[in-house]
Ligand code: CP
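Read the single chain below, which is given as structure tokens and is the form predicted on its own.
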């Protein structure tokens, strides 16, 4: 692959999963692959698991890694074409990205949506400008609409725990939160699960929280959480703000936090969450600390997802 921005860059998902699981067994199997190569990790917003797992993955492949917090370690960046830069931004991405392309062989970029302008966020303007101007492969460490490394991780985690049945049931359920969150993880999980095509996929969310159908086509969407959870094998819990009433928190009367009682109708479902998680808001302690929870295992798999992607890109650079 040239870039890794969404499932559209993944090629054969099962092959990526197989590569990732092989690295999990032998992390340094391709240590020579990245020798003499350098990766930059640019963060325009906070990160813990994505930052650390991608850094470890690159080092497992023999790469040198440099982490850079834009706006804190360097100049604040401008992304508007034709901007008159007489405000707070000091450097245009058109000037910064080509230089990063000289310093690095691969560049990882993490950015968040504004949650103010849906058209602008969903155009993926920021990460696309790094693609346009850097001249090197770009890896999304999360963008305005998707989080592909997380979604590949999720499929790896599900693959390791697949029950013996034709099509296990996977449910993505909305959960409450104290502040508006982007649709990135939910969009991306939906996109990847649909593209993978090996599960029965149901999305449960309150009225007013339907995701963009460009990401959910292929899934059953319902406002009935209890019905969605019935006979589920995997339950993925995530909050997102409204797509229709963009970036807003719409009041919800029903209780959508996942509890142990709600899991009673499932097929002893394994529970997933991308982390960080608001305990006893999104998920109860009794679920997170139970044997049903895969959240720690899932987070651990972030390394192998990133390593599989980076290995694929490095092979393309040979």
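Numbering follows the first chain given and starts at 1. What you see is a predicted model; the values in this text were computed from it and never measured.
Just so it is clear, the following notes concern the form predicted in complex with this ligand, a form of the same protein that is not shown.
Chemist: Can you work out which of 190, 150, 134, 140 has a heavy atom no more than 4.5 Å from this ligand in the model of the complex?
Modeler: It is 150 that has a heavy atom within 4.5 Å of the partner.
Chemist: With the partner left out here, if you bring back this ligand in the model of the complex, are 46, 275 and 302 all within 4.5 Å of it by some heavy atom?
Modeler: Every listed residue reaches this ligand in the model of the complex, so yes.
Chemist: Of 47-55, 264-272, 23-31, 283-291, which is the one stretch near this ligand in the model of the complex, taking non-hydrogen atoms within 4.5 angstroms as near?
Modeler: Only one stretch passes the 4.5 Å heavy-atom test: 47-55.
Chemist: Taking the shortest heavy atom distance, is residue 110 within 4.5 Å of this ligand in the model of the complex?
Modeler: Taking the distances in the model of the complex, the answer for residue 110 is yes, it comes within 4.5 Å of this ligand.
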